[in-house]
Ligand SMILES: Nc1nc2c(ncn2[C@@H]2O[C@H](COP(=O)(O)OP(=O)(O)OP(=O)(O)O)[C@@H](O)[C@H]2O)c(=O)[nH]1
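Consider the single chain below, provided in structure tokens and representing the form predicted on its own.
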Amino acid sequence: MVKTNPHDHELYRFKLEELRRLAEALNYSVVGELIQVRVKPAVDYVFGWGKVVELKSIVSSTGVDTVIFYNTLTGKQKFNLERFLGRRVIDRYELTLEIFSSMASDEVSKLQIEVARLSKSFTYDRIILAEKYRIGREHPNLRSRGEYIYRNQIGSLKRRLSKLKEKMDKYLEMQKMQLEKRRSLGLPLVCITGYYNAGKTTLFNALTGLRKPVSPLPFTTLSSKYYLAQGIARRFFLVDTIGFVYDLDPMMIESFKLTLNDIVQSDLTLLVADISEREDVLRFKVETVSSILEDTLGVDESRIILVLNKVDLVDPVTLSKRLSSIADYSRRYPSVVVSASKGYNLEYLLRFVESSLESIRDTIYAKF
């Protein structure tokens, strides 16, 4: 990991801890970590040359087969690192997609994952093909058709990505039609989101009576789950969506717009956070998701309810400290403390949701 802020003594540690959790979710055995403080990542290797040499020594001595970077790698950096280290190199973006792939079970999820993968790997794939062409030109019997094959393969990658994006656009049109149909029923849309592993699907199950898969692994939910829920006094569509992570790449957001569109189009968003986490981690995760919702997706803060989940895991004194640490967010968003797994305070949450829906019933809905 390249740390660009020398005064950041906590955030980088959180990032590395999260990277470790993501790696272990795929059964990678983490044997060590390496950090360099730089004003900005090096163009060719992310790390400076001395640190790259140190990394090679560690790789050789430990016998690891994969090196995972927190920083997002360019195609050039990935190629240079793999060639110098003699090992497979991936970044957090690719690691996240590996987790997505292991969880994906429906066509929409798989489509979005493939678009994200090809969009990210295109430059790297082009470098690999160019290198094969360069090596091939050194052999007289391969020279004649080498460039033609190279150009044809690049074109094939472009066409595949283009076709996948066209397919995604068709799904978007279908999604808009389904949304219009739901709107015609006069039933509002309430979306559950938050940082991954905050208990979103557990809350969805508790409010609907369903038994959708719940797992300690991150990103169990990749495609949105809709359910026509019966509240205390009215019905509404409840939607469980994908969980977020810190440093979400814009390319990932664009690739998963089919799923994220459900959040954009919702009348209310339930931002679920794990109140049992450390104060600094809780605040950090709430900040992360609120920034994505408001700044990236354009969700109005007046349509966000902060749901502080897992209160059954917290004693009263600790709870008071947690609430104090995010007091500014509790003032910005109305907040409700619940335990989805124990059913605590869910009736109050439903009443609060219904009251909020009543107050915004005449709002003109934004389009993605």
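Source: prediction; values computed, not measured. Note that residue numbering follows the sequence shown and begins at 1.
Omitted from view is the form predicted in complex with this ligand, to which the following refers.
Partner-proximal stretch of 105-113, 195-203, 225-233, 258-266 relative to this ligand in the predicted bound form, 4.5 angstroms, heavy atom:
Stretch 195-203 is the one.
In the predicted bound form, does every one of I90, T96 and Y246 come within 4.5 Å of this ligand, counting any heavy atom?
Checked in the predicted bound form: no contact with this ligand for any of the three.
Indicate whether S335 is a 4.5 Å heavy atom neighbour of this ligand in the predicted bound form.
Residue-level check for S335: no, no contact with this ligand.
Taking 4.5 angstroms as the cut-off for heavy atoms, does V307 touch this ligand in the predicted bound form?
So V307 does not count as contacting this ligand.
Given that this ligand is not shown alongside this chain, does D312 nevertheless sit within 4.5 Å of it in the predicted bound form, heavy atom to heavy atom?
Although this ligand is absent here, D312 would touch it in the predicted bound form, with heavy atoms inside 4.5 Å.
4.5 Å heavy atom contact, A340 to this ligand in the predicted bound form:
Looking in the predicted bound form, residue contacts with this ligand include A340, since a heavy atom lies within 4.5 Å.
Identify, from the list Q77, Q175, S290, T221, the residue with a heavy atom within 4.5 Å of this ligand in the predicted bound form.
If I apply the 4.5 Å criterion carefully, the residue I get is T221.
Between the options L129, L187, I253, V214, which residue brings a heavy atom to within 4.5 Å of this ligand in the predicted bound form?
Partner contact (heavy atom, 4.5 Å) among the options: V214.
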